[in-house]
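One chain comes next, on its own, written out as structure tokens in the form predicted alone.
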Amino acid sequence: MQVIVNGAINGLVIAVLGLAFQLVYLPTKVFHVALGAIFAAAPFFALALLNIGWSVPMALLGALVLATALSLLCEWSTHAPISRHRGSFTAHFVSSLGIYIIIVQALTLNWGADLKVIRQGIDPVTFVGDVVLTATQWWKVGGCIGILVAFYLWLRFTRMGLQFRGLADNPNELALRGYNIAWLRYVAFGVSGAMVGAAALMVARDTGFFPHGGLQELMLAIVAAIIGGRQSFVGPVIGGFILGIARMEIEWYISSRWIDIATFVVLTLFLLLRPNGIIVRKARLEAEQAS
């Protein structure tokens, strides 16, 4: 039971990251690789603010704001101009990869490549039956569930959420109806950056952080989005749970050296047997062609 619980908690973090990636990719078709750098940068932002005397809550809030701003900067400086010039998927991908490299190298030059921690002292634990949960795990559970619930309530019950679903379904028709597509794209990048920043801070409190740590988390987010369903906002959450539990089971019963191999074996099987993922959503012909 302990293994399943730990896997489910890790799956919640992967679910948030997968949803953050899907949040940009589904409506804009931008492969937002720079999210890996934002994941890496958020804890360093918090550490810098703590070092200049900010309180812990204010430093965490400031790091979230900076992570959001960094994601918005990616859209303003790179992806929006490329889209205005009708740039290709490859142009977006290479540009985002370049942003990732620049940010990671800047973090390495400024803070070094060694592992750093935010939490000081021993993490308190609580017992729920035979299951042991640390305070950090409780933060992960509460934070991730809060993020997911807030997002789906916003997506389902707000006017902007309805417009955002329209952007994901058919951006051309939404533009013809007079809606501000550029503004909705900024919403996608901003919310995605905030989600990734929050997940990064939770992970950093648990296992520490270093400049190159965002790449693996980004890969897990992409795999979760693919196996869960590339045309759905629910799919990455399901994919994240599957990955989290599967990776923990393999680490516990086989070896930690096999978890990355197993992850991409699962991805390969889905691409061969169910390429559209677990959740397959039917769309109109023009929307399918646009994707």
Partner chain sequence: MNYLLHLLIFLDIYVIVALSLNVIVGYVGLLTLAHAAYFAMGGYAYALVSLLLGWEFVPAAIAAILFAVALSFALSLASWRLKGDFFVLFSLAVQVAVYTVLWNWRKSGAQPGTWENLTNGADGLNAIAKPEVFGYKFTAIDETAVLFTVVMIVVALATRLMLTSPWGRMLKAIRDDELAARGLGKDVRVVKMQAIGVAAALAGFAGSMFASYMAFINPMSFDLNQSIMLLSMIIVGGVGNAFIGPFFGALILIAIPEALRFLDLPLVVAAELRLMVYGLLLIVMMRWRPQGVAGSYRME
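A quick note: this is a predicted structure, and the numbers were derived from the prediction, not measured. Numbering follows the first chain given and starts at 1.
Below, we turn to the form predicted together with its partner chain, even though it does not appear here.
- Partner proximity in the predicted complex, defined as non-hydrogen atoms within 4.5 angstroms of its partner chain, places exactly one of 135-143, 159-167, 181-189, 86-94 at the interface: 86-94.
- Listed residues Thr207, Ser77, Thr126, Asn172 were compared with its partner chain in the predicted complex; Ser77 is the one with a heavy atom within 4.5 Å.
- None of Ala40, Ala67, Ile222, Ala46 but one reaches within 4.5 angstroms of its partner chain in the predicted complex through a heavy atom, and that residue is Ile222.
- Put simply, Phe264 is close to its partner chain in the predicted complex: some heavy atom of it is within 4.5 Å.
- Its partner chain in the predicted complex comes within 4.5 Å of no heavy atom belonging to Val149.
- In the predicted complex, its partner chain sits beyond 4.5 Å of every heavy atom of Trp252.
- Within 4.5 Å of any heavy atom of its partner chain in the predicted complex lies no heavy atom of Val117.
- The partner is not shown here, but in the predicted complex the stretch 247-274 reaches within 4.5 angstroms of its partner chain through a heavy atom at Arg257, Trp258, Asp260, Ile261, Phe264, Leu267, Thr268, Leu271, Leu272.
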